[in-house]
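In structure tokens, the next block holds one chain alone, the form predicted alone.
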Amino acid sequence: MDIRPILFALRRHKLTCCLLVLQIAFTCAIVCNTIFLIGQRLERINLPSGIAENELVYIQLANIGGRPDGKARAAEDMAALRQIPGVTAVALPGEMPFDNGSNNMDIRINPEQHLATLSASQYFGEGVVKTFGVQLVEGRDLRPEEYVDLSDVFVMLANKQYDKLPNSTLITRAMAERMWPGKDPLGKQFYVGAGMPFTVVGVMANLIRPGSNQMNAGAGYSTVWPVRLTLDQGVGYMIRCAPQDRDQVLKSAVEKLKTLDPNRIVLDKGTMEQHRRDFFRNDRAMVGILLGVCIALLVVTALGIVGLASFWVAQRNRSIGVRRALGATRGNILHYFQTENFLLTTMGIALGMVLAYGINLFLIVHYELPRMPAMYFPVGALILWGIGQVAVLGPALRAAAVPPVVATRSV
């Protein structure tokens, strides 16, 4: 179709055309960035954890301060919990996946290195790998004889007895690929604090780090250390069992702990799946808000296109009748309005791409968001083209239905 008559007709409606193009451009810019932000949130919500989430329950107890019998009480509790039918493993970790708080450390692969290679979380607690269900892909798990008490670690650090610290540790595959890309990490050393060396004895497939903010710096950067905790040093008990036994095991575990100490205060308990859903509650809410904004903008833009197209159809009723009388088919009229809308939408999309890029730069500078991949631009363009064609279809069909006799009536 020759677009010159269309462009000539649009020149006579510069103001309304400019307003519609600006509306489409604004919608395109917002939609591109909104879809990108939604994708970021969904990617975060669906982060793989590397743990057996459907087999884990937890019990968090109130910490009433240091107790001299904390170690013995923890051993007694875990021994009792392991006796519950269906329980396959129990651990008293220092932190739990999908908690907001976390212990982190800077890691260097060279003791003379000024800046850290990465920051990773620290999981303490005997039997963490087995209880969490973490998959070891290289090397071995930590041995029982390698574990030391956390209180002893504090004494060694205070006395600068670094050579007495346990020097074996587990890291995730993501960490190994970052520190020694393409190389075997087993037996390699990294350095923490004042150049203290630690040796990698095993590599885990994945283990998500706790802490909402820390996830942005590498969700899979986690380490497991041979450090044993007492009752007042751990965050609570993690219990592994079959998925169908979780409710009964959790109930029995709470009763068992209450039997051992009636004065215990249970702060929280539940399944790891529920814990994960609670952790990402705000992200899901944000996805809903962004999706609502995106849909509202598209609806408003579509209504604007419908309104303007309907106005132009009514205004051009006579010229449409003349064209029909001169031999134009219904298809010609329909394609005329569709092409007109396509041209206006394309102009809006072109301007919208520039705006979308500018908004993304603003978000990068002020909110530390990542750069938006180029794939979101064609996605936004396709959505706007589709909305435009659907919106103009009704008025265009009405225009195509104008009979040739209208031309003679208006003479």
Partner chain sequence: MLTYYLDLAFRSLKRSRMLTLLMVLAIALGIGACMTTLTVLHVLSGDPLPGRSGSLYYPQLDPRDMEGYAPGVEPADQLSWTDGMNLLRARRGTLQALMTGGMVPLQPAQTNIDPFHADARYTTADFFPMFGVPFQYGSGWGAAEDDSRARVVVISSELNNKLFGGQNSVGKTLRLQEADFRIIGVLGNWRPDPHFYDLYMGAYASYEEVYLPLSTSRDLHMQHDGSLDCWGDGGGDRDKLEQSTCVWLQFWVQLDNPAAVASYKSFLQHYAEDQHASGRFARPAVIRLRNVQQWLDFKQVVPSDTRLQAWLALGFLVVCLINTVGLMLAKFMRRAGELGVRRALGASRRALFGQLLLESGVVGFVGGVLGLLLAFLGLWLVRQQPSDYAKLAHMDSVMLLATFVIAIVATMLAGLLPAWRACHVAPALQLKAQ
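Rigid core (definition): largest C-alpha set, two forms, superposition within 1.5 Å. Numbering follows the first chain given and starts at 1. Since the structure is predicted, the reported quantities are computational estimates derived from the model, not experimental observations.
What comes next is about the form predicted in complex with its partner chain, which is not displayed.
Proximity to its partner chain in the predicted complex, defined as a heavy atom within 4.5 Å, holds among L397, V390, A9, L22 only for L22. This chain lacks the partner; the member of G307, G218, G139, G270 within 4.5 angstroms of its partner chain in the predicted complex by a non-hydrogen atom is G307.
Screening 381-389, 31-39, 51-59, 342-350 for residues having heavy atoms within 4.5 Å of its partner chain in the predicted complex returns a single hit, 31-39. Although the partner is absent from this view, N282 contacts its partner chain in the predicted complex, with a non-hydrogen atom inside 4.5 angstroms. Taking non-hydrogen atoms only, A314 approaches its partner chain to within 4.5 angstroms in the predicted complex. Although the partner is absent here, Y357 lies well away from its partner chain in the predicted complex, with no heavy atom inside 4.5 Å. Using a 4.5 angstroms threshold between heavy atoms, P144 stays clear of its partner chain in the predicted complex.
Contacts between 157-179 and its partner chain, taken as any heavy atom within 4.5 Å in the predicted complex, involve L157, K160, Y162. When the rigid core is held fixed, the Cα atom of Q113 travels 2 angstroms or more between the shown form and the other one. With the core superposed, R140 shows a C-alpha displacement below 2 Å between the shown form and the other one. Fitting the two forms on the rigid core leaves the C-alpha of Q315 displaced by under 2 angstroms between the shown form and the other one.
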